[in-house]
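Presented as structure tokens, the chain that follows is alone, the form predicted alone.
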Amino acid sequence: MIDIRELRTRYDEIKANIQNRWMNVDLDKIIADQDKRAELLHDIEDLRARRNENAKKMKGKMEADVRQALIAEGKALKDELASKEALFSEIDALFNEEARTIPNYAHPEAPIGKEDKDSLAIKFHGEPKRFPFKPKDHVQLGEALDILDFESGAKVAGQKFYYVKNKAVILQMAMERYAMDIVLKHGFTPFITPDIAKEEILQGIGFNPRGAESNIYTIEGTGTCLVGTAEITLGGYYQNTILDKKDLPIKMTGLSHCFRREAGGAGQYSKGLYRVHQFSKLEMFIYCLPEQSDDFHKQLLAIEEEIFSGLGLAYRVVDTATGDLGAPAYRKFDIEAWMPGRGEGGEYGEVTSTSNCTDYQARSLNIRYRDDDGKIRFVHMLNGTAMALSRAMVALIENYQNEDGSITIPEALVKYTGFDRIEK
């Protein structure tokens, strides 16, 4: 969440930011509830002081009627205090829930717009692949080569589940290792993370674990959820921790399964592997000093570009519009790879994103460091997709298809696969 002490001092800025993100947040009610919370806290502190004073008086010698009066006063204070504390607990929980709905501040250069179409393409790399034949999409290619099975996935687990088979299994493992090797070269510590996290961690990272609009699978009765990204588990790793400044930056990379409900994710652009309920992903995560986060955000983007340019894929870099940022992000860049089978004649499709969330997640998760003056401050937290295996597979299969339906393995992956072609 943002610093709640700034609700009044930066009111106009916060209000405009909410509008620019097209979010429905009642800032005035949140401030009113903050005042109620402060008033109740003041009353509670006053009652505690009076209760303590009453207890001190009880220790001395006094007449019986005076003692009885003090006992009655003590009981009344106790009852009133219990009532105020119950009210405070209720309004405090409500206020904190409301405060989490306020989005992070947006970078002044982030494009203002409601949807992804309002985002700004800031860089193009490579030329989109053109074929002397009509290219197929990855579903047609994968099923013909018996390396992807969507029908059996739907039969066993439901729609938007799938099987990866035969040489595609080796290809996916090769992609994982290829991306991992690049990330490790840049000083990241590798993790394989849990597939489950507590709801409090999801809320701290900025994900909504419940409600019709949630994209999260909740495990009923456990207070836990299946994670949609290792950003959740890597970001929760240092919850309630004061880090040593000398240890920053902390650079982590996590391989995990990802589970997403993807409610409403239908249509031709979501077909096949592009939008599924389960996939594997290698995620990058950085904890750093506030003054370092802009530079590290650029570094995360550069690593993503290194991964996809190394595969010989054409892509564009997109500066994400404010309405599509998500509440925690201060700024977000997406890489969209060219996918020849997408749409009528091929289109770009998102394969990575990287976000600078500044101190928004750190405040909710209470992750701090001690500066050179001994002051406790919140770290900045960033995340970036090294490779989402399902979408990367879409781009590879479609761009490296041949007229006979076979798929050429990109040169960078051959040393990991041990073969250079997938054929019938």
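In this text, the rigid core denotes the largest set of C-alpha atoms whose superposition between the two forms falls within 1.5 Å. All values reported here derive from a predicted model rather than from experimental measurement. Counting begins at 1, following the sequence as shown.
Just so it is clear, the following notes concern the form predicted in complex with the RNA, a form of the same protein that is not shown.
- Contact annotation for the candidate site: K15, R130 and L289 all lie away from the RNA in the predicted bound form (no heavy atom within 4.5 Å).
- The RNA in the predicted bound form is not approached by A32, whose heavy atoms all lie more than 4.5 angstroms from it.
- Interface membership of V66, defined by any non-hydrogen atom within 4.5 Å of the RNA in the predicted bound form, is ruled out.
- Taking the partner from elsewhere, L40 is found to have every heavy atom lying beyond 4.5 Å of the RNA in the predicted bound form.
- Shown alone here, E45 lies within 4.5 Å of the RNA in the predicted bound form, counting heavy atoms only.
- Of the stretches 67-75, 132-140, 326-334, 97-105, only 67-75 has residues with a heavy atom within 4.5 Å of the RNA in the predicted bound form.
- Residues of 89-113 are not found to place any heavy atom within 4.5 Å of the RNA in the predicted bound form.
- For G74, a C-alpha deviation of 2 angstroms or more is recorded between this form and the one not shown after rigid-core alignment.
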